[in-house]
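Take a look at this single chain, the form predicted alone, given in structure tokens.
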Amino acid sequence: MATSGSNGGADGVVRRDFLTIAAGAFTAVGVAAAIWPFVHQMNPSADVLALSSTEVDISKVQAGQAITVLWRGKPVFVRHRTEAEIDAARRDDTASLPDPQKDADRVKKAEWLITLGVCTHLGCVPLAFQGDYKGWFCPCHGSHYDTSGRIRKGPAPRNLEVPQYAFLNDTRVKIG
């Protein structure tokens, strides 16, 4: 039986339970406030975030030409493909490919192909408009890529990687 001097209530909650819960909540907030600076310092710095994307002016790149830009310290090939290159890439969709991928899955606009300029074998930089398929050729170990950046011959295990990109308008593309 509870007396009027006890600290029990009609609802069964005692003052000691409230103090325990309040102290635990206060401790949790204090620990979170103390840990936050350590967690926040692991976020990328402003200069790293600035390099996370790059905008490229593609207005001066004529059909049949390609440019190389740097993104995150890596070369990126931006190629304005001709109708013949697009047709060849689409015809090769049914060929036996080491890393099968359709041309349409690798481009957002058929005339523009954007890939990382790093060979997937050992990280060399392939040469444009060369090789058996007139795409890219890596002279280090003989990997041949077609006009869609797909590996066709040689030791490279995968196609040239397609980074995330978006066309901002007809003359600008944002990579990253």
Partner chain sequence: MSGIHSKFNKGIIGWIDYRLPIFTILDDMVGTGYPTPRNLNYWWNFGSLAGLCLVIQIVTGIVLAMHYTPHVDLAFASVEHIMRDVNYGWLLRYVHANGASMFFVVVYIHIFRGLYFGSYKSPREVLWFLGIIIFLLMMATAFMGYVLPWGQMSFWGATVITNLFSAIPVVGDYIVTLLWGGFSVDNPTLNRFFSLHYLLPFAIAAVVVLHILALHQHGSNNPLGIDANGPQDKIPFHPYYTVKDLFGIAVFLIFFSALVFYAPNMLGEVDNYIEANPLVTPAHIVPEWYFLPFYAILRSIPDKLFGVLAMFGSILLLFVLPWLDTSRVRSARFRPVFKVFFYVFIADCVLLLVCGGKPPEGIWLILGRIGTAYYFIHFLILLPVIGFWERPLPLPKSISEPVLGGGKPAAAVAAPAKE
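Numbering follows the first chain given and starts at 1. On a predicted model such as this, the values are computed, not experimentally measured, just so you know.
Omitted from view is the form predicted in complex with the partner chain, to which the following refers.
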| property | result |
| --- | --- |
| Non-hydrogen atom within 4.5 Å of the partner chain in the predicted complex for each of Pro37, His40 and Pro44 | yes |
| One stretch from 29-37, 119-127, 59-67, 143-151 that, in the predicted complex, holds residues within 4.5 Å of the partner chain by heavy atom | 29-37 |
